[in-house]
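What follows is one chain in structure tokens, specifically the form predicted on its own.
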Amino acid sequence: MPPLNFIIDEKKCTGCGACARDCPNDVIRRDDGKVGVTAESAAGCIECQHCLAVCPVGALSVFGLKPEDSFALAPEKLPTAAQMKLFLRGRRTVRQYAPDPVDKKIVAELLTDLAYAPTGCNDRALIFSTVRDRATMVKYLEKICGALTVAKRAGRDVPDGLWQWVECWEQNGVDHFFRGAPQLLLISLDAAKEPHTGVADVLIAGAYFELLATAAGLGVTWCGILSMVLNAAPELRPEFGLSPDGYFYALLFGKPLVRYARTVQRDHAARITELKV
């Protein structure tokens, strides 16, 4: 962990104690209207920055990060409940893509924003790996088809569906594996950090990416098929920068060739129960 560097601007601080009350590990102590951190309590910090975010007057800085460099959460700048409802109901899996890649600056901004996805105990043990163009996607596609062919000839278990897709690519040039997407995001775990909730962290980050990319006008497909491929041909895992048994999930993305005119209707599908003690 970097130096805590917990600093209070005494001229601004009102002594309200919001930072101490919101600290999840009681790192910040309040005494006689003043807040501070001891060397002993600092060891419990998980770098969540709640203290920086919650201070109503911007009197607190931590890790060298200053409140004036954060975005102000003004209510009028946030989406309304109705806007979020429409956005989430209108989300669609996109399986038709333009071949040209998304601008590098847009991708870089989306990946930077993924650092804000929550992780258990604020572990932040995620690795974001990308394929940036269709030509590279095709190279991976060729590797996949080659590895699955070798596996099938060796008598290994290759699901019929995967083999049919190999034939579709080799005989007709139809890409069912990547849906013709020009780009891929692979979210994996840094196993060396031993994350507390690693699988959930990966999936939450994937959901954040899908929503961020959709808001940016892009299309996204959750590529669960890649997990099936690497189960059938695990020798391909190093090609994707993966350890032999590390968890991951992949998402395809790019400029969509389809626009949906309305939401679907799923109210009837919500299974809601009430728990009682």
Ligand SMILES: Cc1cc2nc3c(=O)[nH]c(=O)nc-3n(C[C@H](O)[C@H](O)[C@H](O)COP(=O)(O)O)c2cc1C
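Because the structure is predicted, anything quoted here is derived from the model rather than measured. Position 1 is the first residue in the sequence shown; the rest follow in order.
Another form, the form predicted together with this ligand, is not on view; read the next lines as being about it.
Remark: of stretches 229-237, 214-222, 66-74, 28-36, the one touching this ligand in the model of the complex is 214-222 (heavy atom within 4.5 Å). Y208 falls outside the set of residues with a heavy atom inside 4.5 Å of this ligand in the model of the complex. By the criterion of a heavy atom within 4.5 Å, H268 is excluded from the residues contacting this ligand in the model of the complex. Looking at T80, you'd find every heavy atom of it more than 4.5 angstroms from this ligand in the model of the complex. When this ligand is considered in the model of the complex, R179 lines it closely, a heavy atom lying within 4.5 Å. The contact residue chosen from N122, Q164, T93, S129 relative to this ligand in the model of the complex is T93, the criterion being a non-hydrogen atom within 4.5 angstroms.
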